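Given next, in structure tokens, is a single chain: the form predicted on its own.
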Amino acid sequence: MQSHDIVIIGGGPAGLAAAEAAYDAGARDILILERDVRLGGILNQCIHNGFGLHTFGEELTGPEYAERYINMVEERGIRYKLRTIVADIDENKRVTYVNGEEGAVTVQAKAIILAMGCRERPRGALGLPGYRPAGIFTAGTAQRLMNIEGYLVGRRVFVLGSGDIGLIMARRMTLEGATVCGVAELMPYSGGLNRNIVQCLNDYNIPLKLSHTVTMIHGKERVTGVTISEVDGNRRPIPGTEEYYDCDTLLLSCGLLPENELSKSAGIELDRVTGGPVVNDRLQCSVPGVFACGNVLHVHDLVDFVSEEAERAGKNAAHYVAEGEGSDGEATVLKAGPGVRYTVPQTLDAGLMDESVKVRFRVSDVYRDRSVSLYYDGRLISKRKKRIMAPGEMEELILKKSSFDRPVSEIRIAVED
């Protein structure tokens, strides 16, 4: 059986950044496994700009951003396999992959980095009534068909869901000559970044209807229209609020799901809110030597944050290979208090943590002029006022090692008045 120090599953932005950081931290025997025909992942179809401001200090398109990291990987001589599907990983860090050249191969890894990204929530998970006509696409599928394959997927389009990909595709379809009739969002707030609401909808006079959903898809062979309705506080359609839109295409942008089927097969504990692995401050999962980063861990707003997080995972995986796991005491649990949906990481080791640890979290509603409060075992440590917070924008909080003047069993982050 072949063996490698670090096997990285996924050659998208997370996998590339993790590989680069692991190499720079001293690891040399690194293998990236990527199922697509090229490295770069989802970035290859994201031809709009807005990437790289945090990482490179300039505005890049998705392919340009990916190319920067692909060049880093190739300059370091890091090995990668394309058109390679990982079929299984187990709790002993054995990875089984399949490709056309080698067939089925099992390799032993000293450490694994999970960087499989996420997938879109499909129509079947939404329970939309109507037939199954042509013209219904997830926003990401439409993006690939347009930007890589060169197909215009429709002429009159309606978008269900206000995730960032859907907002960006509303603008993209408009620029290609299609008419975007509107965007309906089930929640009373947008699921995407505010800048995308402004740049992709407002700038093109595309209406956004909050607290609305599609209640009927019309057409048998091809979509001929959709009916949308307003929903109440329990997200149930309100009779008498129906509106009909004549369209030939429905794009679905109703959330992203971390791709964790492989994580389950390895017995890795998953967080019921994020859908990704439960990790400590080193981004290590419940199985020692397995690390997770990027959208497989939790869905990010910006690829720059994915790269930053992946570099932490890569560095820590390299240290694990060189030094082993190590532990300096009981784990401290991070908990989401009132107004907070989740935190990443979910635990930390105050004895082994870096001088500072970045905790990312999302709030559960739109809050104005509220404070983010930090508690150690019920003791208020800090309180920071925020003008506005929304579920579509990820928040962060820095924990300082110097703040642990005594053992702490629980850290809680809450939104308060």
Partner chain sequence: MEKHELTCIQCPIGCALTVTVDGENVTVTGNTCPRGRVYGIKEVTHPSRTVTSTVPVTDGEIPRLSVKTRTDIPKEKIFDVMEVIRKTKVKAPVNLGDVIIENVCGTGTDVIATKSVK
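Remember, it's a predicted structure, so these values are computed and weren't measured experimentally. Numbering follows the first chain given and starts at 1.
Separately, the form predicted in complex with the partner chain exists; it is not shown, and the next lines address it.
- In terms of contact with the partner chain in the model of the complex, the residue from 364, 371, 382, 49 that brings a heavy atom within 4.5 Å is 49.
- Of the candidates 239, 324, 150, 188, 150 is the one whose heavy atoms come within 4.5 Å of the partner chain in the model of the complex; the others do not.
- Contact annotation: residue 195 falls within 4.5 Å of the partner chain in the model of the complex, judged by heavy atom distances.
- In the model of the complex, no heavy atom of residue 355 sits within 4.5 Å of the partner chain.
- Proximity of residue 199 to the partner chain in the model of the complex falls within the 4.5 Å heavy atom cutoff.
- Put simply, residue 38 is close to the partner chain in the model of the complex: some heavy atom of it is within 4.5 Å.
- Highlighted residues 3, 29 and 307: none comes within 4.5 Å of the partner chain in the model of the complex, counting any heavy atom.
- Only one of 199-207, 281-289, 297-305, 266-274 lies within 4.5 Å of the partner chain in the model of the complex by heavy atoms, and it is 199-207.
- Shown without its partner, the chain has 67 as the single residue in segment 66-104 with a non-hydrogen atom within 4.5 angstroms of the partner chain in the model of the complex.
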